[in-house]
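Single chain ahead, by itself, as structure tokens, in the form predicted on its own.
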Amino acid sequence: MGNEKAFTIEKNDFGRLLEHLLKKYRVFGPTQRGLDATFNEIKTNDQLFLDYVSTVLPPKKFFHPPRLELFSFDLHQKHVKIEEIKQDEKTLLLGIHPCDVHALLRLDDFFLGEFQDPYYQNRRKNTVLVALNCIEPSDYAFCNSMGTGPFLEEGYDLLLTDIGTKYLIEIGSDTGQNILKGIQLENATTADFTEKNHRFKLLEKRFKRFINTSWLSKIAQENIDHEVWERLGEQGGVSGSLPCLSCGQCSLVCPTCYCYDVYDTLDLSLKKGKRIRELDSCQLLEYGEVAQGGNFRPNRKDRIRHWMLCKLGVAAGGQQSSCVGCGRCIRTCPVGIDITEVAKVLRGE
């Protein structure tokens, strides 16, 4: 018995599927860079590195870039000429992991909610997501605890699962269904889905980090004055870590951090310029600075607390954590701060 919305393709034949996708889209996917992986443009099958564990930077960079030119302006006599910079090119993200798909769904809530951001919206609607279920959890990941991995159930156009010598391909949208038109694929069988479920159960047992999310946002909110914030910001010693450096590394690699700054740049004539949007971080001293030198968060403990509370769901009123458990912040923190250990301290464990 098969599934009319699922197919399979042999791994050694995957290049045929890629060629089919390249005819319709500009494709970006995971590529190997030393011991790490990063998303780059893909033009040939041998560039793909689908066996990756995690990328250094999340695919968020395609929708909310670190630096984005919003528009250019030209002050000509008494008139101002404004030219918006748009991205209308059809793109396809191939091999995006479940935690990063969930991160995009959280960014959707922010950028496409009551106040819609046209720059994010334009990139989002012109991008197809071909997700890839994980084959091995990162040593730093805890997505299983957050309900965001290692396998995916929503938010994709197509979903790939490694089931041995072939990939299971599941359709998640009309767009995904249309993409596959014109390419010959084998129908998925019950045995294919049995193998998928078997691999999921094995994968669940290989996680090294866990976090108890039950009432966690409420617990964090009720512990605003907990000594852990002072230790994180000034003393260190939380699970062996040194004090936070307020370097902003965690914000840079976080797939859900969306804070940004906007500024204008002018040329020497003072007639032409550009408006730039650039990623910002609440970990930086300047982030909370206001007029006449005032600052809402002058101390490192205040800034690390604010970032942690946002990740633990306090900023969203306890409705949803902005953390998807990818573990990038743990991996890249230069002093070894681990959000899962902080959660345990808040719980008194």
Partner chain sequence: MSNDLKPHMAIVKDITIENSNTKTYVLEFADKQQHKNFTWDPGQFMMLSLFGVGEAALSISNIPEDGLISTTIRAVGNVTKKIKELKKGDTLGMRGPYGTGWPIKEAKGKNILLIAGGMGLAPLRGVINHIAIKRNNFGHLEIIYGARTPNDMIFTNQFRDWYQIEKSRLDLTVDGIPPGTPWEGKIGLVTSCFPAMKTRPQNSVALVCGPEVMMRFVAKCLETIGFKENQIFLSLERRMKCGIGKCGHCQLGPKYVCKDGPVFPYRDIKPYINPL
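Residue numbers count along the first chain shown, from 1. Since the structure is predicted, the reported quantities are computational estimates derived from the model, not experimental observations.
Beyond the structure shown, there is the form predicted together with the partner chain, which is absent from this document and is the topic of what follows.
The partner chain is not shown here, but in the model of the complex it comes within 4.5 Å of a heavy atom of residue 258. The partner chain is not shown here, but in the model of the complex it comes within 4.5 Å of a heavy atom of residue 264. Taking non-hydrogen atoms only, residue 111 approaches the partner chain to within 4.5 angstroms in the model of the complex.
The partner chain in the model of the complex comes within 4.5 Å of a heavy atom belonging to residue 80.
Judged by heavy atoms within 4.5 Å of the partner chain in the model of the complex, the contact stretch among the candidates 70 to 78, 181 to 189, 165 to 173, 212 to 220 is 70 to 78. Listed residues 63, 52, 28, 287 were compared with the partner chain in the model of the complex; 287 is the one with a heavy atom within 4.5 Å. The partner is absent here, but in the model of the complex a heavy atom of 84, alone among 84, 153, 230, 139, sits within 4.5 Å of the partner chain. For the candidate spot formed by 116, 275 and 314, every residue has a non-hydrogen atom within 4.5 angstroms of the partner chain in the model of the complex. Residues of 121 to 157 that come within 4.5 Å of the partner chain in the model of the complex, judged by any heavy atom, reduce to 121 alone.
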